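Single chain ahead, written as structure tokens, the form predicted alone.
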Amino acid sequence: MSFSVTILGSSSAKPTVSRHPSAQAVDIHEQYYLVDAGEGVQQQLIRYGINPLKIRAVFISHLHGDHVFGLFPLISTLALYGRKTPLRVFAPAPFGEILACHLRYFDSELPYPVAWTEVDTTKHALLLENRTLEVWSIPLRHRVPCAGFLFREKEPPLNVEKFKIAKYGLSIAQITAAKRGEDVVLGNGEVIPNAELTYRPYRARSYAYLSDTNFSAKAAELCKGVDLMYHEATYAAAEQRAAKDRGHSTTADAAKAALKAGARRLVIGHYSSRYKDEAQLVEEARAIFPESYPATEGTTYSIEKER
């Protein structure tokens, strides 16, 4: 089962010729979720082989244009593609007012509904849950209400060891009970503990997206043990004052957040247009957190299964 993140945009607000504004596609079990939607996001989806019709939900961290301006043409284009299923959008208020205005003037006859759910940016709350996934909000510290998102895979169902089935002559009913987590009672009355019979095929995986923010120890704590963390790093470490004043982070801030979270890997992005090459920024982060990588557009970061 897949669990990956494809970088669609990595720049901050000021346009550049080589980077697009913030956007990512998260693939969990072949179900796609769009995280932020800067300008050009629909072209980026197509460029990197992601069918826009596969997007099940959109998560908008905050209502600055470089994180949301691309959503409205995508809504229109999905209608041209013939979408019929609802598109869920999770975003802070007053996104509903903005969406209503767009629908009134540009998409008054959409063939599918756009369902907005308000994100309370002050709370760590469960936003979406299905059979395989939970998505939680993470309060961030920006100039406007802003939330990150934590994607957590649910634990996969238990498997039963094949040789134990043969050893104990387990019936289908007993195998089913073991998969439910129950101990198994044999015909002679012997009780076989569930832990002796079963195993998890792989451990649950996780991804944290920390958009525009000053360093937040609380946000990092909420991501404890995450497999992959994205953290904005708009500025080099020497620009700490500018970052703090503008509600952003430096490379050092991002690396320290990954350390505090105990993350396994860190991806940094949302680069200021002053940096033509992100290599300097990545090296600064690696000096503190060695497993740091750039949010290079078109790159897919996969989280592999592990027992």
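Numbers for residues come from their place in the sequence shown, where the first is 1. This one's a predicted model, so the numbers in the text were calculated from it and none came from an experiment.
Beyond the structure shown, there is the form predicted in complex with another copy of the chain, which is absent from this document and is the topic of what follows.
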Per contact check vs another copy of the chain in the model of the complex (non-hydrogen atom within 4.5 angstroms), the hit among 233 to 241, 158 to 166, 120 to 128, 100 to 108 is 100 to 108
None of 34, 268, 257, 41 but one has a heavy atom within 4.5 Å of another copy of the chain in the model of the complex; the exception is 41
Report whether the minimum heavy atom distance between residue 81 and another copy of the chain in the model of the complex is within 4.5 Å.
yes
Check your understanding: According to a 4.5 angstroms non-hydrogen atom cut-off, is residue 94 in contact with another copy of the chain in the model of the complex?
Key -> yes
Would residue 262 sit within 4.5 Å of another copy of the chain in the model of the complex, counting heavy atoms only? no
| Does another copy of the chain come within 4.5 Å of any heavy atom of residue 116 in the model of the complex? | no
Original post:
So in the model of the complex, are 63, 72 and 77 all sitting within 4.5 Å of another copy of the chain, heavy atoms only?
Top reply: yes
Looking in the model of the complex, the residues of 14 to 35 with a heavy atom no more than 4.5 Å from another copy of the chain, listed in order, are 14, 15, 16, 17, 19, 20
